[in-house]
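Starting off, we have a lone chain in the form predicted alone, written out as structure tokens.
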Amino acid sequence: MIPGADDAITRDGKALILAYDHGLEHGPVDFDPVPETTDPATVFDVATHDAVTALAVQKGVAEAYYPEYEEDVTLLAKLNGTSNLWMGEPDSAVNWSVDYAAELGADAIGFTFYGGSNHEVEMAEEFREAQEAARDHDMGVVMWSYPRGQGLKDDTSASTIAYASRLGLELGADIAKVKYPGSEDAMSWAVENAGNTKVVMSGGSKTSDEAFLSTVREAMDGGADGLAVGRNVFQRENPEAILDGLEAIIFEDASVEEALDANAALEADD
């Protein structure tokens, strides 16, 4: 990683990345709770919220929608991804080049890396190519570091998540996105192993406002540098409210109670 390379997708050293690559990775089922989110413009509108430091999307969505939002949204180009129809050993196709992402106006790239997969070697080589090309364009690099594969028994254990964050450092990511390892202490261990690479928590499946904000607070108390979240924002009827709460925790060091108050205030105004 290079100090300052992620400046365009962070705020005061912290990140709140809104991920919207789910149409490829999970399919339309993720849009069912709020059908309007099938339209990418709906989520691009959400990404104009002050709390969001970058929006992560795949190539086709970036091509079709980003030009209308380039003044208000910071683009994170999610370079690889594979559909949920794929049933083989974890792998992720590279769907666009860094050069093309830069041409579209991206400030950073995102890349999924499945450490432990039978395809780990090829994915590491693909990441190397993307990471070095990103440096040529002064772009930040975010690794979706998700260990999984036939030989991995527990992909959310504290030791596995610490290894995931370490892979981000060793392979040259500026930010490593990892699953929450279950406790503040375990997150602290993951952050320690990442060295100077920032660590952000993956948002995961939708939970209640209080449960989600409490987990984010624990992750931040463990030293995390923010959050990369999709469903826990865009699957809500009022995503701006939860973003107000997340902004309070991530950037203002608020308590869960204070974040819930910020969340409730916006919902009351609506």
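These figures come from a predicted structure and were not determined experimentally. Note that residue numbering follows the sequence shown and begins at 1.
Omitted here: the form predicted together with another copy of the chain. The next part is about that form.
S.K.: Look at the stretches 45-53, 29-37, 239-247, 207-215 and give the one with heavy atoms within 4.5 Å of another copy of the chain in the predicted complex.
M.R.: Checking each option against the 4.5 Å cut-off leaves 29-37.
S.K.: Given that another copy of the chain is not shown alongside this chain, does E63 nevertheless sit within 4.5 Å of it in the predicted complex, heavy atom to heavy atom?
M.R.: So E63 counts as contacting another copy of the chain.
S.K.: So, R231 and another copy of the chain: in the predicted complex, are they within 4.5 Å at any heavy atom pair?
M.R.: No.
S.K.: Would P181 show up as a contact with another copy of the chain in the predicted complex if we use heavy atoms at 4.5 Å?
M.R.: Taking the distances in the predicted complex, the answer for P181 is no, it never comes within 4.5 Å of another copy of the chain.
S.K.: Does L24 make contact with another copy of the chain in the predicted complex, using a 4.5 Å heavy atom cut-off?
M.R.: L24 belongs to the contact set for another copy of the chain.
S.K.: What are the residues of 99-128, in order along the chain, with a heavy atom within 4.5 Å of another copy of the chain in the predicted complex?
M.R.: Heavy-atom contacts within 4.5 Å come from Y100, G115, G116, S117, N118, E120, V121, A124, E125, E126, R128.
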